[in-house]
Structure formats: structure tokens, C-alpha cells
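Presented below, as C-alpha cells, is a lone chain in the form predicted on its own.
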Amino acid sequence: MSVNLLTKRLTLDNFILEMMSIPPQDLQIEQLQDLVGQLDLNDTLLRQHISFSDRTYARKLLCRTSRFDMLVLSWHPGQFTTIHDHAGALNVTRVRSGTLTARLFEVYDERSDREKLVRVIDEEQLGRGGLATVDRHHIHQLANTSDEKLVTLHVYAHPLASINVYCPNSGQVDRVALQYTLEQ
């Protein structure tokens, strides 16, 4: 699920060119993981998209194309996502600073398309440069379980318009439209 190796570097412009050269349906999670791992994170560019909220983690859209979204998420300690999938989109999350907790789930009781009970099958802690991956069929949750602030970069291919959220108690699955923070 994760890797912590960085090899060669891609500028944001070259990353966009690479991503635009691969049709989303042909892109594999390993390719996306390699590209996000090679991305040279420009602190000047990222810094303007980092903002924390006391209410929930903040999601700032950094780049959107017809083939992918790139976001910066800023997390206070104790903030976490719902348990969700990406409705068929690939995702790679890269830790810029802090420690990310990434949990992977499986369905163990599928009662219908809208009622599925899930359980944790893997959990890991990732530090600076660590990569968490979510394939098209994966269900996951991200959290900041540390005592320090966390900043992560997320790339979704295809662009993410909605997710399926899994209630851990009832098993209810709801489709939820996503919102981004665009203003500075």
C-alpha cells in the first residue's frame, strides 16, 4: 500500500504533461505512485495552499485537469476522513510534513449496494515523503493521529467529484459530492 522511495524529480509542468499523456482508464496505481513520488514539491507553491481549520481538515485544490485533481490537505491532530472509496478513481497521497495514519478496509458483509459492513485490514503510519495508495476498488480512511500538524498532497485520477461513504455501525453506503476550498 505504501512506498517511501524517491528517485528522479518531475516539475509540476512535467508531471502534468506525463499525466495528460496517459488515458485515465489505462493508468495503473503503480504508475501514479511513481509519478507522485517523483514530483518535486515546490514549497513556495504549496505554502500558499496550506491552511488549517479547527472544524475539519482543509482541502485546497491545487490543480484540476480533465484527467486528474491535485489537492493539498491540512490536518490538525485528531482530524480524520470518513471511511470511503473514490468511486472508481485512483489516488496517491504523499506526506509533506507530519505523520499520516492510513487505514485500508474490506467489505465482510454485503447486504446490498447501499448496505455493506466493513472492517480494517491494514493500518500504517507514514512520515515525510511517504506514499499511501488507493486503487479503484479500495475502501480507506486517512487520519492525523499524531500530536503535530499534518500536510499531505493528494492526486486523484480521474478527477474526483464524489465518493461513497461507509457507515461503520449501520453499514449504510452514501454517495457524497465533494467540495473544495478554493479561496485564499
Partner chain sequence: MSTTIAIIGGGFSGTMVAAHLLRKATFPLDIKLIERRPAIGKGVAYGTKYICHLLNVPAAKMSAFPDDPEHFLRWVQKEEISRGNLVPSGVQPNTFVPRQIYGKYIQAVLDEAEIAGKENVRLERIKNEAVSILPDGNGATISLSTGQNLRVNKVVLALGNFPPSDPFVQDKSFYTSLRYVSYPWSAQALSDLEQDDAVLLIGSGLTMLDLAVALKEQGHAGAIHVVSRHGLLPYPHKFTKPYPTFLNVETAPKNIRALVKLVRQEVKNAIAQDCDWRAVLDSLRPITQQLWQQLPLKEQRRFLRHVRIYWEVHRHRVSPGVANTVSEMLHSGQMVVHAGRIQGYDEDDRAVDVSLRKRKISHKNYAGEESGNTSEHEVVRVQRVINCTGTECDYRKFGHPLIQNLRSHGFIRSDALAIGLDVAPNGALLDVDGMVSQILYTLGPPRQGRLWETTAVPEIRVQAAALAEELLGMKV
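Keep in mind the model is a prediction, meaning the values are calculated, not measured. Numbering follows the first chain given and starts at 1.
The same protein has a further form, the form predicted together with its partner chain, not shown here; the description that follows concerns it.
> For the chain seen here without its partner, which of 63-71, 153-161, 50-58, 25-33 has a heavy atom within 4.5 Å of its partner chain in the predicted complex?
Going by heavy atoms within 4.5 Å, the stretch is 50-58.
> Thinking of G88, A102 and R114 as the candidate spot, does its partner chain come within 4.5 Å of a heavy atom on all of them in the predicted complex?
So, no: the whole triplet misses its partner chain.
> Can any non-hydrogen atom of L45 be found within 4.5 angstroms of its partner chain in the predicted complex?
Looking in the predicted complex, residue contacts with its partner chain do not include L45, since no heavy atom lies within 4.5 Å.
> Is S146 part of the interface with its partner chain in the predicted complex - any heavy atom within 4.5 Å?
Looking in the predicted complex, residue contacts with its partner chain include S146, since a heavy atom lies within 4.5 Å.
> Wondering, does I83 line up within 4.5 Å of its partner chain in the predicted complex on heavy atoms?
Yes, I83 sits close enough to its partner chain in the predicted complex that at least one of its heavy atoms falls within 4.5 Å.
> Considering non-hydrogen atoms and a 4.5 Å limit, does its partner chain approach Q79 in the predicted complex?
Within the cut-off, so yes.
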